[in-house]
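Heads up, the chain below is alone and in the form predicted alone; it's given as structure tokens.
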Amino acid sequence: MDEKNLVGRIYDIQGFSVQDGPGIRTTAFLKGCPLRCPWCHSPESQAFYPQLSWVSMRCQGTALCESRCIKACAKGAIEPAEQREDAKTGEMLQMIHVKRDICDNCGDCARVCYPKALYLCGEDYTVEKLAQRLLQDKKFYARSGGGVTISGGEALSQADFTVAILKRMKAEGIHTALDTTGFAPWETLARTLPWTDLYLYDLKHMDSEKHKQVIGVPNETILDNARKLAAAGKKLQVRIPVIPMFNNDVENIRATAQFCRELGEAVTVVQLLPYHNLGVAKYLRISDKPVAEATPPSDAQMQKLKAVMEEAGLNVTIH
């Protein structure tokens, strides 16, 4: 495999990240995911192809832009829409609407949108190009005990690229973490073992049928891979998104705690991630389809679930 010619598709790179592993980190987010979590806070991560995003609050209105985006679209996928009052000037701005059934994500409109209200989400990187970006923050890793995290989407969906960039970071002496759903063949996940110091491992529900019904895939592979990582002596930070009406019942949390307990010392911490609705705005940037929302769990509810997991002897945080 010629790693120099490998290309990965990235939708975001976040520097000074303190939520994706120890210390100060830089996290690279790869596009593409086989799961379809309805609460996903990064819906732009799910599709493998670049997607046109529109941020309404950046839009300066078709009059100010001389309708450049509308003129640039050969498919006729952009049309005038409702007006919005400019918060600074009080002027009424003519907004646009992207006809998603026509748009082919070519990006012609984004190239002429100077306020970047329209942009393509998803950029191709070679291993070396991404490595150079990640290495810019190397001094922060050394001082804070941080490193690089590869996330998604599901990074294992771009396995060759993920393995190559992890290997490249280890060659630089950088601590590496892989944020994964665990939904991949073990042979794929095993390729990351020599180059990954820590796995940020998602567990969403212990009942496989409910897991498949809501997320689109069963959980047997996910659970088996967690066991195999533990048997291989790897360290895991288990992440549990707490979703109302899905997995926030005490019975499921207790079953999840028991599973984590069985993994033994491999589990360094269990992170409970309370549902939030910040992803709703992102759905509206890339789609016209209605988005289901739930009420975020209260602090009291989160503390109750935390106590249930701590009863199993686990180190638990509310993330």
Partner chain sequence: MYQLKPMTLRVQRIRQKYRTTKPRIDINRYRLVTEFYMQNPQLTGILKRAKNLRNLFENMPVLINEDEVIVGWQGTSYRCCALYPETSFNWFMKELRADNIRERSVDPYDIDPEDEKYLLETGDFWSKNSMSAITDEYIPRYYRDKLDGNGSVCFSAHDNCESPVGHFVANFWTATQKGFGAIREEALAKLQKLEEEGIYGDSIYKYNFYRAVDIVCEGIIHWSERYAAEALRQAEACADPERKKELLEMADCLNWIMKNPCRNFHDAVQCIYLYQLALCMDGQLHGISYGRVDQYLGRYYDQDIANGTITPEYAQELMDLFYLKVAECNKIWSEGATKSGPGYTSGQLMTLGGVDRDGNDATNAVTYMMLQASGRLVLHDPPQALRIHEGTPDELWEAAIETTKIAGGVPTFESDKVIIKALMKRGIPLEDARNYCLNGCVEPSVGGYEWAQPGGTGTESYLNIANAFLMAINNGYAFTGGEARQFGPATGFLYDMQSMDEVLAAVKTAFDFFCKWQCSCINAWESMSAFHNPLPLLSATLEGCMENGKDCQAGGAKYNSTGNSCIGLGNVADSLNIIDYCCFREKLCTTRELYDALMHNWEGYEELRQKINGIVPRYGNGNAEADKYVDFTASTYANAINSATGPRGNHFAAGCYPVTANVLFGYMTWATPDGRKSGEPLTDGISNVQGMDKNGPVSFLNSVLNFDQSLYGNGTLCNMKFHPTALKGADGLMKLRSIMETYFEEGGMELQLNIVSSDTLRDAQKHPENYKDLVVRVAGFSAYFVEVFKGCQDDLIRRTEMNL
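For the two forms, the rigid core is made up of the largest set of C-alpha atoms that agree within 1.5 Å on superposition. Residue numbers count along the first chain shown, from 1. On a predicted model such as this, the values are computed, not experimentally measured, just so you know.
This protein has a second form, the form predicted together with its partner chain, left out of what is shown; the following refers to that one.
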{"query": "Heavy atom within 4.5 Å of its partner chain in the predicted complex - residue from 80, 218, 107, 115", "finding": "115"}
{"query": "Whether 54, 230 and 234 all lie within 4.5 angstroms of its partner chain in the predicted complex by heavy atom", "finding": "no"}
{"query": "Contact test in the predicted complex: residue 65 vs its partner chain, heavy atoms, 4.5 Å", "finding": "yes"}
{"query": "Its partner chain contact in the predicted complex: residue 296, any heavy atom under 4.5 Å", "finding": "no"}
{"query": "4.5 Å heavy atom contact, residue 144 and its partner chain in the predicted complex", "finding": "yes"}
{"query": "Exercise: residue 89 in contact with its partner chain in the predicted complex, heavy atom 4.5 Å", "finding": "no"}
{"query": "Stretch in contact in the predicted complex with its partner chain, which is absent here, among 133-141, 241-249, 182-190, 158-166 (heavy atoms within 4.5 Å)", "finding": "133-141"}
{"query": "Contacts with its partner chain in the predicted complex - residues in 173-191 whose heavy atoms fall within 4.5 Å", "finding": "none"}
{"query": "Rigid core superposed: residue 89 CA moves 2 Å or more between the shown form and the other one", "finding": "yes"}
